[in-house]
Every structure is written in C-alpha cells, then in structure tokens.
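One chain follows as structure tokens, the form predicted alone.
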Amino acid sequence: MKPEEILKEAYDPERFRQAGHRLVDELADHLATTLKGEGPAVLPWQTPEQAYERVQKLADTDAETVFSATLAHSIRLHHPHCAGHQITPTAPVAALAGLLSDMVNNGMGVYEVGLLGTAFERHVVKTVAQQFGMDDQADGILTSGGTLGNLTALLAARRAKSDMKSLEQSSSNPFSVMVSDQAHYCIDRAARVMGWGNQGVIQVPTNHRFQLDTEALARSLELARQAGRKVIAVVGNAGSTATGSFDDLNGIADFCERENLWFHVDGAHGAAVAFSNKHRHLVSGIERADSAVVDFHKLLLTPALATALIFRDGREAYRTFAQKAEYLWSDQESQAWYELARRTFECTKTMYGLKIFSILAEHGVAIFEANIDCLHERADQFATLVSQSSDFQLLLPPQTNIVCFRFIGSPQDRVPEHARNELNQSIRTELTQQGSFYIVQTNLQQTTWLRTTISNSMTTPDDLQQLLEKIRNLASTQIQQSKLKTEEAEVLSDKDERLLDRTGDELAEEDPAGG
C-alpha cells in the first residue's frame, strides 16, 4: 500500500466505530462476569519468559487479537478475590473518559492546547483542597503518581526553606527531610534525585502501631543538626504503604510550626478518607500541612495514574519551578493558574482531570465516600475473621483497607516461629501461581506478613472467609510435604550412619591392628 493509503486506513472513522463497539462489548462482558467472581483466574500467572513469548506471537496478529489477549492475561482488579496492591478497580465512566482523552490528545502544558482539560484540573484540585479543610488560598496540580507528587512537594519545601542564591550555585547543600521509618521509598528516592545523599532522609522511630513517634522528633532533629544537616521538612504518613497506619498529623504540624519546618503529608493512599464523614478524623491536621498528595487511583476509582498535589498556600506551587521559557509564556512572572507547565514536571501531560471530573459528574462526590466506607468496613470484617481464627495472627487492627496477617497453625499444632516466615512466603507464592486469590506480602521487623488491600467493594465477608480456608489448605499441604522431606532426610541420614558403622566394623575385622 502507498503511504497515504496506509494512513487513510488507520484513520478510517467506520473502522474505528466497529472496533470500538467490539471492544466496549468485550469489556462490558468482562466486567459483568468478573464482578460476580466468575470466569478465569484472578491472576492469570505466567513467567516473564512466557509473557514475552506470547507477545512475540501477538506481534504478527491484529489489534482485535491483541486486545482480547490483553484482557485474558491481565489481573482482574474487579474480581472480589483480588486484594493485592494498592490500586482501584476503575469506575467504567472513568475508563470511557480515558478513551476520550486519548483520542483528543490535548497536551495541557499551556492553556491554549488544553482548554477544557485545564479547567477540569482546577475544579478537581479545588475540590480536594476543600475536602482537606483548606481555604480558598489553597491550590495545586494533578500529576503522574505519588512519587512525582512527593518529589514536587519536596522541591517546593527546598525552595521555601533555603537560601536560593547558594542553592542555585551548588548542589552540595546538606539538606534533609525527616520521615517515619515506614515512609514510602519514593521519599528516599526524591532526596537522592535532589542530590542530598545518604543522609538526605532521617528516619524517625515508630510506635507499636507503626505510626511516627512524635516524641522522637525533637531528638532526631537535634542529632541531624549536630551532624551538620539542614533539616527543612517533616513528612507525615496518611496511610503507610505496609500497614495503612496514619501518623499524628496535628502533632507533626505543631512540631513543624515550632521549628519553622515545611510540613508535607504523603497521603497517596489514605488521604482519600477526607471524602468520608465517618473516617475524615484519620487525617485531622492535614489542613495545616504546607503540602499534601492523594492518589485517585488507589481508593477513588480512577485509572492510573492520577495524583493531586495540594499546597495550602497556592503561591508555593509557582515558586517551585520558577524559570524562563519565553517560547511558552510572554509574561514570565504571572501566576496564571491556567498555565500548568509552570507548576509541574510535565509539559505535555494527559487530561487527568477529565477522568476524575467524569466520575463526579456522573455519580457525585458521594461515590467516593461510599467506596471508602465500604472498603474500610470490609477490612474491619476481615480483621475480625482473622482475630477469631486461632490458626492466624493479626498484626494490628486496620485503620484503612489494608490488613496484615499470617498463618501460625492451630494451638495444637503451632508452626515453629523460625519456620513461619518461609511458610507464609510459600503460601503467597502458591496463591499467586494458582491465581484463585491475589494478595501480597510485607516484611516488618524481620517478620513476613501476608497483606491484603481490599479495594473492590464487591468483595464480601464470604470471599474473605474463602481466602482463609484456601490459605489453611495450602499451609496443610506444605507442612505435610515438609514433614515428608524431613522424614526422608532422617532415613537417609540413618542409612548413611549405619553404612559408615558397618564399613568401619568390616575394616576393623580385616585389620585388627588398625594399620
């Protein structure tokens, strides 16, 4: 085909219409069966080599075949047995918004290429700020994930709390940020990106609930200053990754005000509770933060990635990336809310706001509250099931939709402590490869815990009871296999000892003198 014929075929509206109808029908069927827990495995496990081999074969097919294969071999987030990582089963309307956004492909770096999308973003940002309890001075951006959101916030902190002349002349300033020892790894990564080195992150101890110990902040700050570090910020967790624990945000805010430090809240997972009247108390104090992030793709039904970064004083957002770009803006000093590239890493960026706005327009903010309340209730119910099961151990009562637990065996047949980590790791591996349930694991204080993030509102207590039964069965099989291996090893060892003894006796008979 000639080049113009190839392109004409690619852009043919009728061809697109037919393909779109087929795909939406297939997705709707997938949604219908998956929500009911029917169909194939939750996690259609395959090795990396198998996945790559499958893709190599798909390269010579067509888009329809590729779409069907992708659907068949992807994790089914809408399945009630899916409780793995912190990512939401998306609201269908938001997926449609994603299709629309991809088709119009408006970049949004500057207002003239992202007209309505820019306004969508402002509406969403203002809605989040209001839910956080901040006033009209608050402002912010939507960006690509909590990692980039946290990095942007720390750049703003550095700008606000440092001598800019010395900062721009050298990257060797000994800046540091104080965090809980349960902080997400992206905070450490951000410090290294900014050139702060190994001491860029100062870990503050946590209490028995894995919350930052606010009583230890003063001592940690003193030690850092004695070491020559310039601490500029404290990061509080609003739902830590491993356990979902919420730090005392008011306590951290008090400390930061006394010490003139920037207060940032990493609420990527848990700050969504600001949309719930029942659970908003968990983020009490977030309204006092200088900056805070929340991921819409974790608890708020939005396709990944979509993160809101909110500044209590919206002017701080403009100072973060202050620089000249005459080819984009004629007025370099203007704080125009509609010129988004002035406040973000991205210049070209997708219409994050459209996906979120579409959910709000279709269902209202009440859908966020309903989802949060439902998932928290399911986590509480699961924690109760675990606590009432003598062969399981609950790490701690959950504050969000994350529950950590482990199999320990019945009171009559307890698994030895030294063997529990390996057993629970093996259980998790077997669950993953079988695919009937999807959960993950975490390591805390040298102990392996199974970890569920209950993200699907269709998950029922019966599904969670089935999970415990599945784990019991896997544990029983693995324990029995381990016993058989131990017995076989003991038999072989006994045979070896008898053989050595017999050989020794025979040698003694042949050479009584031992020569």
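Because the structure is a prediction, the values reported are computed rather than measured. The first residue of the sequence shown is number 1, and the count goes up from there.
Just so it is clear, the following notes concern the form predicted together with a small molecule, a form of the same protein that is not shown.
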I'd like to check something about N150: if you look in the predicted complex, is any of its heavy atoms closer than or equal to 4.5 Å to a heavy atom of the small molecule? yes
Is P80 a contact residue for the small molecule in the predicted complex, using a 4.5 Å heavy atom cut-off? no
Close approach of K298 to the small molecule in the predicted complex, 4.5 Å, heavy atom: yes
Answer for H184 alone: is it within 4.5 Å of the small molecule in the predicted complex, judged on heavy atom distances? yes
The one residue among T241, T206, N106, S220 placing a heavy atom within 4.5 Å of the small molecule in the predicted complex is T241
Name the single residue among G145, G251, G133, P174 that comes within 4.5 Å of the small molecule in the predicted complex, judging by heavy atoms. G145
Quick check: do T88, L360 and E369 each get a heavy atom within 4.5 Å of the small molecule in the predicted complex? no
Quick one: which of 342-350, 119-127, 184-192, 376-384 gets within 4.5 Å of the small molecule in the predicted complex, going by heavy atoms? 184-192
